[in-house]
Every structure is written in structure tokens, then in C-alpha cells.
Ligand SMILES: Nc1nc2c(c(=O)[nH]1)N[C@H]1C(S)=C(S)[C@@H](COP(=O)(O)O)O[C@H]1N2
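Given next, in C-alpha cells, is a single chain: the form predicted alone.
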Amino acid sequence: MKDNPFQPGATRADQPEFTRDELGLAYRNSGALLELLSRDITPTGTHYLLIHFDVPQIAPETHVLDLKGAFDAPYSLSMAEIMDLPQITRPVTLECAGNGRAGMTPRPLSMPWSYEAVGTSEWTGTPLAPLIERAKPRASVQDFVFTGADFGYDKGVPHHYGRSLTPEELADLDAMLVWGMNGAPLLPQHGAPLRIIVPGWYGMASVKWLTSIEAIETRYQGFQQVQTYRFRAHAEDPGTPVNRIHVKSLMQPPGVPDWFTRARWLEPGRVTLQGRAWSGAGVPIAKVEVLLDGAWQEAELTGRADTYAWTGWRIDWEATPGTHELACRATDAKGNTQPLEPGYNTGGFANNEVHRVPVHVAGA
């Protein structure tokens, strides 16, 4: 554990840990405030953001979604027509695939997420599968490609952000075409006026600023599908796709923070610790354990709002004077448990190591 920042005369290291470019990404993107983990629904202004290029400026009154390609009955929809479709609102926990990247060694260069790239919102829209069925995809279709209006370069390759789902994946997932978030229209940075949400998968699949859905008769080779978002052990490794969210948990930091390190300070005595846990593909959380005074103790699960929303947990701790490291780890109903240490892949994806929280209790 780092030196105690609550002691008079505490100093800070001079050596920067991140590159200037990574700091630039961090200025544009933002993570959740962990102190708000007490809430079932993340306030819209504190839901994490990962924006690859620039935020497109799209007028809802003229925006059109095109269903095109290998459909026997292709068609287009205006926003007014989309909002007249059967409507559902569903709480879904969304997590960035790069969440936890900063904890890997060596650390892949990209958006330097620690724990904060996650949030749960109530998304309003319409089921996606019936819209694709209406367009009558041909039996030869191998992928449905979802393309956003955002455009830019990555590793020298110009492209619109795009992702795909196979017909089998679409049938297995409760994907939504979405225009609302937490009871209000989507904000520009969250994909206004239209995006998709793919519950149970990492956020890269939930394409924002959606302009088209194209049925194609070959596998999609778009940059964001095959050049990134793959688990690779080394640069030459073709890798495997990133998709389902890995089991994970976070703790709402107790007490009050040191401004710079975010380490915690609190008075001795009984403290209720709480947080959230989630897993991919709608798999429920079976248990959450919390490391207290060197021993793992099982917490009480306090429920979740929906199949794809995170689960609350809590446990009481008798805080004694001194320096402590608290941690939490979740296990889902399929037996997947968070590791104590991070793994590694070249993209820094899906690091679900346990959340560790340094705490200084007064009186030592």
C-alpha cells in the first residue's frame, strides 16, 4: 500500500504515470463517480463515456435509419416512425471493454481506465429483432452491420465506427434500438438521436449515432470488429472476439477521500460497506465476498432491478485504527469468479481483477 496521505507532510511522486496522449483521452472521456454506487440507476451526467472520434451533430427531425443490403424488403425509418414503434424501458448495466486497463502490466496505451467505466441506465426504445425480421433478411446473411455517424482514423485507417452481430447472436441477445436514457432523450455524447444497446456485452457493441443496419453475405471486416476489441496475447496473435462482460464488482468507497490519491479516511467503529456486482449475458450474481482484516467474508446481496442490471451488496465492518486494504470479489451463477490479479492482453480488455480500496482509520 502507498504511503499514508493523511499524515502531515505527505508528498506526491513527481514522475508522471501516463502519457500526454492518454491524458488527452481522459479529458474527453469520463468515468462514473464510485460514491454513487449506492444508486440502482446511475445519474445520466455521471454515466461513463467513451467517445472514439468527434460527437456527430445530428438533427432528429431529419435523421433516417436505413435497413439495407441483403434484405428482401429493405426500408427506412424516420425518428418519428421509430418512436411510434412498441416501446420498452429496461435498466441495463453497460461497461467499457477497456475498464481496468490501467491495472495491467505492461499497461497497453489507450484510454487509461481504472474502475470507473461502468454505469446502469434505464434505456428506452424498441426491440431490435422485429425490425430486422420485418426487412426479411436472406438465408445467406452472415452479419448485420451497425454503422454510426462518427468518423475518424485509428492506426492510420479511416472509418465510420461500426460493429456487427451474426443472425445467431441477434437471436440470442435482447438488443434494443434506443432513443431515450433515464426518462429523457439521448444526450449528444450518449448517441443522440439513436443508438443500439446490446445487454450483457461490453459497450463497444452498443453503437451510437446509428445511421444504418446492413445485412451482408460475408463476415464483416470493419476496423472496430477485427482490428481491435479482440483478446490477443501478442501483436501477431489473431485473437478471439471481446463480447460478453466478465463478472465484476465494485465497492462504494467508505469514509472521506484524500483529494489526490483518493485513499479513504474514516473514524473507528461499525461501518456498512456496499457496492455493486454484475456479469455478462444476464447471468445473475451468486455471491460477493469482501476482504476484511485479512479474511474473505460473504456479503448480503440486496437485489437487482432487471436481468441485465447490476446487483447490490452490503456488509458491516468493525473498523479498527490503522491502515487497511479492503477488497471485493464477485462470483456469478456459472461459477466465474473475479481473479485476485489482472491478466494481460495487448488491448487491455476485460480486466476484472478485484477492486481494492486503501483505508486509513483514525486513532493509529
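Being a predicted model, the structure only gives us computed values, none of them experimental. Numbering starts at 1 and runs along the sequence shown.
One more form of this protein exists, namely the form predicted together with this ligand; it is left out here, but the text below deals with it.
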{"property": "Contact flag, M251 vs this ligand in the predicted complex, heavy atom cut 4.5 Å", "result": "no"}
{"property": "Non-hydrogen atom contact D150 with this ligand in the predicted complex at 4.5 angstroms", "result": "yes"}
{"property": "R329 within 4.5 Å of this ligand in the predicted complex, heavy atoms", "result": "no"}
{"property": "Distance check, H246 to this ligand in the predicted complex, heavy atom within 4.5 Å", "result": "no"}
{"property": "Stretch in contact in the predicted complex with this ligand, which is absent here, among 60 to 68, 330 to 338, 45 to 53, 291 to 299 (heavy atoms within 4.5 Å)", "result": "45 to 53"}
{"property": "Sole residue of S164, T124, T120, S206 within 4.5 Å of this ligand in the predicted complex, by heavy atom", "result": "S206"}
{"property": "Selected contact from I285, L128, I213, C96, since only one has a non-hydrogen atom within 4.5 angstroms of this ligand in the predicted complex", "result": "C96"}
{"property": "Residues within stretch 182 to 203 having a non-hydrogen atom within 4.5 Å of this ligand in the predicted complex", "result": "Q189, H190, R195, G203"}
